[in-house]
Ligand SMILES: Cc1cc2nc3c(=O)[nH]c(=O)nc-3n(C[C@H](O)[C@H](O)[C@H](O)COP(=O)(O)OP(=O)(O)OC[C@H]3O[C@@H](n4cnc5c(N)ncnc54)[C@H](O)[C@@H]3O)c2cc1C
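A lone chain, given as structure tokens: the form predicted on its own.
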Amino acid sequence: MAINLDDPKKFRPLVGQAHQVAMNMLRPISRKYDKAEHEYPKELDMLAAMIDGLSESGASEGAGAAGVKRTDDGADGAVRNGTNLASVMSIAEMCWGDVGLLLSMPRQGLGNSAIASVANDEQHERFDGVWASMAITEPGTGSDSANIRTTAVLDGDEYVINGEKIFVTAGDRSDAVVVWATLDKELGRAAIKSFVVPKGTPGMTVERLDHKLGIKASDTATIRFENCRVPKENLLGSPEIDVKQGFAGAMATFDNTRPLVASMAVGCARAALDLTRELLERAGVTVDYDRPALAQHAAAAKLLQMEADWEAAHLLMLQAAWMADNRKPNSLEASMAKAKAGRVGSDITLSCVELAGSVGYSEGELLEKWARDSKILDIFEGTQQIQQLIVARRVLGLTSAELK
């Protein structure tokens, strides 16, 4: 099976629609909600309704947070360009408009991706239409997800959850939270499971919203769980503790969502490159793609180098999503895409601010905002350092215990 690097023809209308939405709906309100931190972007309700309509009609190819579910389609050996590829391509276009607004889209939370990745058929049907955020990080547990201290204890037909989660994206606005908790601290990572906790469940409290460097349109919450009881049917995947498997089921979520985060970085960086090229042309610096970089203006040479880095991130993103569509193990590729896109996305947006000088640093253009927004994309869903550690383990064939 071989990947074709041309954009699949069937996705071009979807990508075109996403670009139009980014340009005509997200860009015009981008600065407004950057300044009005934590104010819900009400314009997104109409956009969410449009996306729901496209999904119901089948016109959206299943793109979006729920599109990362791995299906058996194409299991006959045929190459498949499916919903994972459609999702990263459309999300990149939306983030060409605004990352924070994309993260604020109803029913497009990372918790929705977790449900799509791990839930059984009954749960897919039951949680259809729910806007779900994802709660993993804790005050004492950041990148090491295996060290989660939030507990879930089975009591009759319910699990009782206790703990505190921080940095929950859309944690205040969502309808439900997918919470990672351990069934048994003594068994380590093997006992970690994810639970869907609906908002309004007694014992779950949104403690506060955090003020941030970027993606200010997106609310980031701290949530406390005190004897919070949820039906045992809300545990995603199998309730059995498989010490040999570890928490591979829960971690499968990341194999699907890391390419999505890579696509956010790719989209934001593309926006910065496009605007910077325009600004340079206005200043009399034209990039000539037929001449060596060394024979051009230093600013043009820098832009060429950034575009090469961007292309590498873009291709890694496509590869990771395509592998998921074709049911190939993609843990290595998902981490490579996230690491590359996160790093070069941040490098590119900040370099574009530098190239544009005072124009880049002022609020007259969105370059400074994109530099702030892109930084989180190198941090959440696994930091740059964690991604490199995962890549090293996969390449060297070492376990997490052997390479820390």
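Here the structure is a predicted model, which means the values were calculated and not measured. Residue numbers here begin at 1 and follow the sequence given.
There is another form of the same protein, the form predicted together with the named molecule; it is not shown, and what comes next is about it.
- Partner contact region in the model of the complex: 167-175, out of 195-203, 167-175, 266-274, 319-327, criterion any non-hydrogen atom within 4.5 Å of the named molecule.
- Of the residues given (Ser143, Ser238, Thr151, Asn147), Ser143 alone sits with a heavy atom within 4.5 Å of the named molecule in the model of the complex.
- Although the partner is absent here, Ile390 is not a contact residue: none of its heavy atoms lies within 4.5 angstroms of the named molecule in the model of the complex.
- At least one heavy atom of Thr137 is located within 4.5 Å of the named molecule in the model of the complex.
- Taking the partner from elsewhere, Val344 is found to have every heavy atom lying beyond 4.5 Å of the named molecule in the model of the complex.
- At a distance threshold of 4.5 angstroms between non-hydrogen atoms, Ile386 is in contact with the named molecule in the model of the complex.
- Taking the named molecule as positioned in the model of the complex, the residues of 198-221 that bring a heavy atom within 4.5 Å of it are, in sequence order, Lys212, Ile215, Thr220.
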